[in-house]
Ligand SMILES: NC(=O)c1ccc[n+]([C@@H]2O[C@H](COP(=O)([O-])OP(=O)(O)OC[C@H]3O[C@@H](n4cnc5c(N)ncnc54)[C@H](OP(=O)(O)O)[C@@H]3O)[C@@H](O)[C@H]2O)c1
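The data below hold one chain only, encoded as structure tokens and taken in the form predicted on its own.
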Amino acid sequence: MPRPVAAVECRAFGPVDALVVAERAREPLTAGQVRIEVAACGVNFVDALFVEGRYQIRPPLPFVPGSEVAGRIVEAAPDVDGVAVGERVFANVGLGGYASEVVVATEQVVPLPEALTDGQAATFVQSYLTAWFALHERARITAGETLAVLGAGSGVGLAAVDVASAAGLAVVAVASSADKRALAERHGAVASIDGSMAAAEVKDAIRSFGAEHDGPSGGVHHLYDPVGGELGETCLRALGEDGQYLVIGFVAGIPRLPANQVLLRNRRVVGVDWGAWSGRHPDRNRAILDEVVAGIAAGDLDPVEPVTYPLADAARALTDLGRRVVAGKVALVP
């Protein structure tokens, strides 16, 4: 008799500590699908928004959070080509990743490069594709430019540091602890700034970095902001002539960007919504994924190894991530 699947269930929208681990029947395979035994599943800030009912999409209850998984194919439908039983793969499943196994369509599966551990593979897609889309597709970065990354100790921030550094930008990392700043510097930042300082002090430090590294008059070329709040609003002023403010997220609240500061120095505000864009442009998104994977295989990109928690500790993992007490990425291990 097939063993049941262990999965983290959200049975009602609300605090993440209401999540429960339940046993579910194995999902049958249909044409074009494979079954993956999950070795690690990525934990992202957006997962908590789904659970709390604060995301723009509310899935039917009960549901299993989590979108990124890595593991090994243990079963494939007879018509499946391109991947095989026993192969290590990663996949973006949309929802349902917090589980000991998942069933997905073959086109969602990507063979796992030897350079990636299971933990890295389960946690790089959302962060790295957001960073690549933001920097290459939206900002059109050029080697030799300057970039400040807020929240640089987070998974999203570290990915931006890594992608930008590989593209030849001079990157300054803003993070709230010495450990996070050191991690960002190991991933390519040429300097770091203490994000726990007053926002005005951080802004001034970014401006100084721009002046020291051939930034445009008055600051840096680009500001990558997954933080928002007062810090994001203030650091808009650290952009130099024709500088770009990249809106990534709002973990500290939605900033009130002063229009006069956008006007001054001809600054630009650029929205980055990789998730929605990827759904509308799957072929272009797959091309970005292939570029990122090739960069990892070549050693140009180096996703951080995540902090891991048991599947049963999903609520604690989400809480720690939300409180920003973890440096880098987080994964659950079934």
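As the structure is a computational prediction, the values presented were derived from the model and not from experiment. Start at 1 and count along the sequence shown; that's the residue number.
Keep in mind that the form predicted together with the ligand is missing from the display, and what follows is about it.
Novice: Among 109 to 117, 169 to 177, 136 to 144, 257 to 265, which stretch sits within 4.5 Å of the ligand in the predicted bound form, heavy atoms only?
Specialist: Residues of 169 to 177 come within 4.5 Å of the partner.
Novice: Consider the chain as shown here, without its partner, and state which of L311, L321, A315, C10 has a heavy atom within 4.5 Å of the ligand in the predicted bound form.
Specialist: If I apply the 4.5 Å criterion carefully, the residue I get is L321.
Novice: Looking at A199, A105, A191, A252, which is the one with a non-hydrogen atom within 4.5 Å of the ligand in the predicted bound form?
Specialist: Looking at A199, A105, A191, A252 one by one, just A252 meets the 4.5 Å heavy-atom criterion.
Novice: Do V272 and the ligand come within 4.5 Å of each other in the predicted bound form, heavy atoms counted?
Specialist: Judged by the heavy-atom cut-off of 4.5 Å, V272 is in contact with the ligand in the predicted bound form.
Novice: Would you check, heavy atoms only and a 4.5 Å threshold, whether Q244 touches the ligand in the predicted bound form?
Specialist: Q244: no, not in contact with the ligand in the predicted bound form.
Novice: Decide whether S67 counts as a contact residue for the ligand in the predicted bound form under a heavy atom distance cut-off of 4.5 Å.
Specialist: Heavy-atom contact with the ligand at 4.5 Å: absent for S67.
Novice: Whether V163 contacts the ligand in the predicted bound form should be assessed with a 4.5 Å heavy atom distance threshold; does it?
Specialist: Although the ligand is absent here, V163 would stay clear of it in the predicted bound form, with no heavy atoms inside 4.5 Å.
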